[in-house]
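Below you will find one chain, with nothing else, as structure tokens; this is the form predicted on its own, and questions on how it binds or moves follow later.
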Amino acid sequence: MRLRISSAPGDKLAAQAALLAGYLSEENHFATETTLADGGDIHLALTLPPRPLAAKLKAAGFADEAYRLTVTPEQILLEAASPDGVARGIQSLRQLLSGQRARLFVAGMVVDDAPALGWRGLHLDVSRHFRDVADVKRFIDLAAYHKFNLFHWHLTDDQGWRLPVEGYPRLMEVAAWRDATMIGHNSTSSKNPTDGIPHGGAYTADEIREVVAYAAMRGVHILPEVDVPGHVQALVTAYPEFGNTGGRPGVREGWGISDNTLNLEPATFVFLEKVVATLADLFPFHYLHFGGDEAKVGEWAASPRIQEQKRELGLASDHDVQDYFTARLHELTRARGRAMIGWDEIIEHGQPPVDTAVMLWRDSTINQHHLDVKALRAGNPLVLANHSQTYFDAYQETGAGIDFEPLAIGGGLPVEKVYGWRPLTDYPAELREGVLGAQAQLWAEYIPTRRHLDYMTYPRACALAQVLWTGDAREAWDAFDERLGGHLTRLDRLGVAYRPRQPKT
């Protein structure tokens, strides 16, 4: 006897039906079959009327994710307004069925559910520590399990370049590999020892397409990031002609920020045009991320050639060089029918075009330059990535009792603080529609393995998922904390090496 999963042919939900069948087979050991008809034991349907979506979210390619799950003795009916809504409902059903074997038992219920925020993301840095395709897929599947709908793939930095670009083979041969990795915390007073072990890796175009398709089946968009004009030590090591000194600094073995920046020569922009074309070909998402953060101006200030070009281009300061990069990348991205997004430095000294989105890593409204409000008032879409609430590379406790915590970058971000975040509180009603949503960041300097990544991500991502999905209507912390214990049992079944909850004192 097989469990039948059905969907109407006109709804084009075959991929979602196959996804659910795969989960039921792998996790519950149910024999399943899918059919394009009505009357299955589990039926998927696009029968909910779509709700209005904010214009900026719709332009970015997001859809209404509301769904309704109805359980009767005869059938489980999953209705939604879009395939993405069906994908969210599948994850709810997956959680309800966690731990079941051989028989299907779900109490009668009707669940009407919809998210508070449209952009709900998890970021993963694979430049500091490379994660293979299997690890990336697993990260995405766990994100989807918690109803995140965006995966921000940080592909390049000083310590490694992971994106193939046709015509530039040294990216894979040189920029993707470092000779060793720093041991311990980054020190400014002395040079850190290294482990002497080469580290690196890169993705092929086919592997990237495979990951994109895997994410799409789960209703997850992928935002790729190539960080320029700073954070380019690996790139300049492979192609010193793109730098300002002519030297090969070596792919960075330690953490921190390098002094290397790109130059303004025509060959550099030919390369960047090819990068944009590559990203547009591999990733269907509306936005392409080009970093823009922490670009030091020292090399530009010391370069007679850059100073000459500044005069030719009418650039008044060295900071204007970064604004020039932003403008050129905007042009290249727009020519491919896409939009640019960058970290909040892209709006610190200038004003990017209105279709350019800003990702705020500094904290909302209290940042020195009020960059978030500046962006919103100018009409630039805003994504919140506030470091004090969403940087999951920080320690999970502070003070006594953390002697055996694995090495982290510093600070402290306990799960309670993540859950207490109210992302939209600081913004007046008339500006809130410009906030696309929010996301957490997994910077990987101190996250070398898959299990360590699990530990740093969960259960903090569980708390953020609730914040972004439910908004201010969410339950009090004590009630969530009690439910979290049951949810961690589900993560045990999935083999997630999360950080255990500490006993209450």
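Model, not experiment: these values are computed from the prediction. Heads up: residue numbers just count along the shown sequence, starting at 1.
This protein has a second form, the form predicted together with a small molecule, left out of what is shown; the following refers to that one.
With the small molecule omitted here, the record of contacts in the predicted bound form names 291-299 of 213-221, 291-299, 69-77, 261-269, defined by a heavy atom within 4.5 Å. Proximity to the small molecule in the predicted bound form, defined as a heavy atom within 4.5 Å, singles out one entry of 458, 30, 62, 443, which is 443. Of the residues 409, 133, 315, 339, just one reaches the small molecule in the predicted bound form with a heavy atom at 4.5 Å or closer; this is 409. Contact check for residue 343: a heavy atom falls within 4.5 Å of the small molecule in the predicted bound form.
With a 4.5 Å cutoff on heavy atoms, residue 146 does not count as touching the small molecule in the predicted bound form; it lies far away. In the predicted bound form, no heavy atom of residue 372 sits within 4.5 Å of the small molecule. Although the partner is absent here, residue 84 is not a contact residue: none of its heavy atoms lies within 4.5 angstroms of the small molecule in the predicted bound form.
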